[in-house]
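Next comes just one chain, in structure tokens: the form predicted alone.
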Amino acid sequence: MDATLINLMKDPAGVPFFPVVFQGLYILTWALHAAFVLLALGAFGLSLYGSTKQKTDSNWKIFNPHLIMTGKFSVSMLILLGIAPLLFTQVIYDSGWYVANTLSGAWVFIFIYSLITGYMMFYWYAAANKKGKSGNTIIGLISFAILVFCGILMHNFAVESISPTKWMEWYAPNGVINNSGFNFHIDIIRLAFMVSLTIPVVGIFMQNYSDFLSTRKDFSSEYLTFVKNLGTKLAVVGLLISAVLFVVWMLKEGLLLNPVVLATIVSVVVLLLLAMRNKNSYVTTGILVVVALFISGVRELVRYNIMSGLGYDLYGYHMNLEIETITMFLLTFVILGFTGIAFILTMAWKVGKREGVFDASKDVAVTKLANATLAIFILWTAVYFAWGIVALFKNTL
């Protein structure tokens, strides 16, 4: 297959800004989304083990509810952050995303309802665990299985979207059209690598958790040492497993000696050494962010090579420059987004560092950030609707 059909499927209106910018934003937002996917599955999975240990082990009795809360929060974040990379994919690789939704349309609907069910059962699991009910582990296992299934479905959509040479074969095998929407295709090595990353991510989170609480007097040093040591073991073992699977995946793709791939391997080695030393988990987390961006970049490299090899010219995508749209997006992303995130992170940091009840109204930094976020959001809402009304009348009168 050449790119004739794929290029015909491009949006005739073009893209509102330079395609390379959307490509960069896709890499960034997918890395953020993936971080919470991995943390959610890692914390959730480890909590299932912890739920069987917490009745006999005082350390797990303290740690397990925190793991469940971390997983629950991470699921909400991964859903929120998962919207952006899908939108950026639709902008520059619209043909692949539309075809994947056609081939696996039934699975798309199943994914949505499965995600809702799995997330609701997660709350059930959290409530049952809090009350100490004996069936909480079974509920958690079902919820965990559903959420893993959702991840596998998203992997299926990704694999189909980057396999244009197989689209006709999947849509009409032996010349017979299959419009059931139940096409299902996975790349075992790629999927295994992505899933394996849950182990080092939750391990490094545990190192962060231990360092963060080390200044509080209501957590014993023995408990924090237990969490940190277990986290270090998980991080080291997980990184070794992930590194092997990554190399195998890159060998299969023929990209092992690509500069981006080599840089990824170097960053993983640095991350492994820092995780083993466990001197400053915050520095380790900073390198983990770099590794996540590199992995996201490698995913994009794989797709770009496949599509450009067929003649799909991403950077030649017709551009219909819309300064107003881009300005609104950047102001939203940078000003409102960064201020809101700064407010949430500052409050979370201070709540976690303080023993007892934290009164945010008496904290100067939190109060200023809260007022600034609210004021910016009100202004943003007014501008958004005013801009929309102007555009509406401009195009209809």
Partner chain sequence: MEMLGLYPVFYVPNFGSAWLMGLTGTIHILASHTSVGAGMLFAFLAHKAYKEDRPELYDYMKRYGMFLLIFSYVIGSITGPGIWYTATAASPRGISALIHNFVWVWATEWVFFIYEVIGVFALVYFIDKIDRKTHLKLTYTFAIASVGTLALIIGIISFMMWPGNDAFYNTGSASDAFFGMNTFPHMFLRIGFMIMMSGIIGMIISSAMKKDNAALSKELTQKMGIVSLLGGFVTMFFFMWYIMTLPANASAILALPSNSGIILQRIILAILFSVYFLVAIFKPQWISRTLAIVMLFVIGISGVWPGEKLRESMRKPYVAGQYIYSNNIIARDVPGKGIKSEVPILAAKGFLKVDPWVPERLRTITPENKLEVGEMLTKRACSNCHSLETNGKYRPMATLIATKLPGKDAATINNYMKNVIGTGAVSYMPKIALPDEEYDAMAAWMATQVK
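Numbering follows the first chain given and starts at 1. Computed from a prediction, not measured in an experiment: that's the story for all the values here.
Just so you know, the form predicted in complex with the partner chain exists too; it's not on screen, but the next bit is about it.
Colleague: Against the partner chain in the predicted bound form, would residue 371 count as a contact residue? Criterion: heavy atoms within 4.5 Å.
Modeller: Because a heavy atom of residue 371 falls inside 4.5 Å of the partner chain in the predicted bound form, the answer is yes.
Colleague: Using heavy atoms and a 4.5 Å limit, would one call residue 235 a contact residue for the partner chain in the predicted bound form?
Modeller: No - in the predicted bound form, heavy atoms of residue 235 and the partner chain never come within 4.5 Å of each other.
Colleague: Give a yes or no for residue 20: in the predicted bound form, does one of its heavy atoms lie within 4.5 Å of a heavy atom belonging to the partner chain?
Modeller: Because no heavy atom of residue 20 falls inside 4.5 Å of the partner chain in the predicted bound form, the answer is no.
Colleague: How about residue 332 - does it come within 4.5 Å of the partner chain in the predicted bound form, if we only consider non-hydrogen atoms?
Modeller: Residue 332: yes, in contact with the partner chain in the predicted bound form.
Colleague: Only one of these stretches, 138-146, 255-263, 206-214, 76-84, has heavy atoms within 4.5 Å of the partner chain in the predicted bound form; which one is it?
Modeller: Partner-contacting stretch among the options: 76-84.
Colleague: Can you work out whether the partner chain is within 4.5 angstroms of a heavy atom in all three of 49, 306 and 309 in the predicted bound form?
Modeller: Checked in the predicted bound form: no contact with the partner chain for any of the three.
Colleague: Under a 4.5 angstroms heavy atom criterion, identify the one residue in 276, 289, 177, 269 near the partner chain in the predicted bound form.
Modeller: Looking at 276, 289, 177, 269 one by one, just 177 meets the 4.5 Å heavy-atom criterion.
Colleague: Sort through 99, 298, 158, 195 and report the residue having a heavy atom within 4.5 Å of the partner chain in the predicted bound form.
Modeller: Among 99, 298, 158, 195, a heavy atom within 4.5 Å of the partner chain in the predicted bound form occurs only for 99.
Colleague: Hey, which residues along 340-375 are within 4.5 angstroms of the partner chain in the predicted bound form, non-hydrogen atoms only?
Modeller: If the 4.5 Å heavy-atom criterion is applied to the partner chain in the predicted bound form, 340-375 yields 340, 341, 343, 344, 347, 348, 351, 356, 357, 358, 359, 360, 361, 366, 367, 370, 371, 373, 374.
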